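Okay, here we've got a single chain as structure tokens, the form predicted on its own, with questions on binding and movement later.
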């Protein structure tokens, strides 16, 4: 039970990153972007490519930071991947979502996001193959935190947890202590009024896509450090990320953070009473429960 709880907290760290990006897009642009989880795949595979590139060009960065399997090359690749994935999100918006949004067809944007998810997923499979891949072939040995009961944790998992919290803390400061953060919240509440007061609406939308893409890239890389990366990882993560967003409340960054941990913990604790094959249904059941009991989520507010 305690091991499942710990695993749930560690899983929740990267789910929260994905959910924060999704909740920002949903709050600003008012549509459910079902292709958001594919940004995690883009980020994970972009980091894989740049990791191999940096290892070849800069051998000094190929060494791992013991006891982690993380290398200096992968750290650099993570940063580049966040930029590249943010740019990819902006490009997708320019090519697809902006055209539909300017015609005032919000429901069409939802259907378009399904299509984009399929396109991105299959492109990744075409380029990288359908097999799973690892950032490092090294075996990561778990550290024993307790013998009675037996509690194990991998150093990479602790790194993911700490790094995810650090990214969330920086984002929180940006959104609550800067002029940009105030402008972004103004656009979320009333785009027309914010634009009338001098806020560049198009620039804010571009910034939201950049942030969402960067957070998704970090979540994808962190997932890859704890698991394996595959072309269908976005398909497998879309439901938990949406569940975290809905549980926390659409538009609430703090809610998405908490929702990610709630979903991660609930999914891992369900292994105590359910066979592993049934755990993917847990996020869906959580979505149904929240929509029935508290449709606006834990921290969400009703919107007109």
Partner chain sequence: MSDPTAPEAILEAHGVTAGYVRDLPVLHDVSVRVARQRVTVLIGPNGAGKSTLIKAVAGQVTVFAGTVTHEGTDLTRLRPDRLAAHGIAIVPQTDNVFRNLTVRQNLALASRGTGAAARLAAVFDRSPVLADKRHTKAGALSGGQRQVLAVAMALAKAPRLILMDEPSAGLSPKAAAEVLAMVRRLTAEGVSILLVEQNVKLALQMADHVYILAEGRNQVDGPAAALRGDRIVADIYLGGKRIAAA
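Quick caveat, the model's predicted, so the values are computed rather than measured. Positions refer to the first chain, counted from 1.
Below, we turn to the form predicted in complex with its partner chain, even though it does not appear here.
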_Within 4.5 Å, heavy atoms only, one stretch in 228-236, 71-79, 193-201, 92-100 touches its partner chain in the predicted complex. Which?_
193-201
*Any non-hydrogen atom of residue 189 within 4.5 angstroms of its partner chain in the predicted complex*: yes
*asked:* in the predicted complex, is there a heavy atom of its partner chain that lies within 4.5 Å of any heavy atom of residue 185, even though the partner is absent here?
replied: yes
*Indicate whether its partner chain has at least one heavy atom within 4.5 Å of a heavy atom of residue 108 in the predicted complex.*
no
*Taking heavy atoms and a 4.5 Å cut-off, does residue 176 contact its partner chain in the predicted complex?*
yes
